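Have a look below at one chain only, the form predicted on its own, in structure tokens format.
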């Protein structure tokens, strides 16, 4: 392999990337736009949900009940409603998602041990966040109910409040979350989006660069030149891989600085694994370029296959352990699952090379085999 010819093809490709404004924007602007859109669109966390309170009791205990919602980061208090019509108007105008209706005699009935029903009215137009809000409300109700029962038991039997709590709840569950300590979906989604976006854009860039020459007829210069198939493909692969690697660095900054995802691992390991991943996806783009004869076809094949692989064969929607054997075996044919392991391992778990070296080795082997397959399938002479 002649390094000078590889560099010549790579330099020509780099100049074409710089001169083609549409391709340049597709290479650098599209990943950033997709990162922002998908991260905000896929987050299922419900925080600062606007709500109002219709308090018919206006007692000390009803205000203490409201305070539990005011101090929670999941709710955003918008004020007290004067009556039922105002509460309904707040829901209709979408100024609040929930209204708590505290009945008259709230404090008196609770102090005397009688059950009280607090009405919670939700805006049910968006079901998924409402189910989450309902869980938050029920959790606060359970906590308040447990405190009231313990307080009543302590007063009637002359026990200390701590002893009364133990008698009422002899078994407790203490939950601890490893890695994602605040259980923020964005911390897991943002790193995963690096894999998802590069799985779409990286093969697309490489495929379009070759198919464009097929459409313009410039590919015939390669057919008649002395450059070998491997030299031509490698010259095409290198500039687009550099572009994809730069995109990974940009997405890394977005994930850590914009979306606040923690990075606990080694950046050097992440960079090496990312370089191997873009070589793998770039080789997949070379395979697409061998199948497509137009840029529209290359665009459709790259995007559709990238989305299908990233969603179904990476572990984003279905955990690898829950995949059927056939689906799990199919997933090994693509680098998406291995790179997601590296991304989540370096971002959230702080894993080092002792645990991730197999994935890095997989990228290098995958890229070598895929490039060899492309060089074998590529023909410098068309069939008669």
Partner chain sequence: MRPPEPPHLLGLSRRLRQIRVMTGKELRQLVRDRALLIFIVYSFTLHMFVAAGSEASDLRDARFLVRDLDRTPASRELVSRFLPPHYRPAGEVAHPGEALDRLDRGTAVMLLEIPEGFSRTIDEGVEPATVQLLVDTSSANTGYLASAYSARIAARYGAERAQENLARAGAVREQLPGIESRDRVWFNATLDEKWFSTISELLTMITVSCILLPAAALVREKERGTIEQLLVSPLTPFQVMFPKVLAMIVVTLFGSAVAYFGILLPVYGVPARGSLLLFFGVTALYAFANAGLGLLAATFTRRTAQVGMLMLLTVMPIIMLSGIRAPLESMPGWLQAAIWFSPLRHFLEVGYGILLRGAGVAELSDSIAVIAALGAVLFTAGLLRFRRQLG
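Residue numbers count along the first chain shown, from 1. Bear in mind that the values here come from a model prediction, so they are computed numbers and not experimental data. Definition used throughout: the rigid core is the maximal C-alpha set that superposes within 1.5 Å between two forms.
Keep in mind the form predicted together with its partner chain is missing from the figure; the text below concerns it.
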property	result
Residue (of 245, 252, 106, 270) lying close to its partner chain in the predicted complex, criterion heavy atoms within 4.5 Å	106
The unique member of 179, 263, 80, 220 whose heavy atoms fall within 4.5 Å of its partner chain in the predicted complex	179
Heavy atom contact within 4.5 Å of its partner chain in the predicted complex, the stretch among 270-278, 227-235, 131-139, 284-292	131-139
All of 49, 124 and 351 with a heavy atom within 4.5 Å of its partner chain in the predicted complex	yes
Residue 329 within 4.5 Å of its partner chain in the predicted complex, heavy atoms	no
4.5 Å heavy atom contact, residue 45 and its partner chain in the predicted complex	yes
In the predicted complex, residue 93 touching its partner chain (heavy atom, 4.5 Å)	yes
In the predicted complex, residue 256 touching its partner chain (heavy atom, 4.5 Å)	no
Members of 153-170 lying within 4.5 angstroms of its partner chain, judged by heavy atom, in the predicted complex	153, 156, 157, 163, 166, 167, 168, 169, 170
Rigid-core frame, C-alpha of residue 157, shift of 2 angstroms or more between the shown form and the other one	no
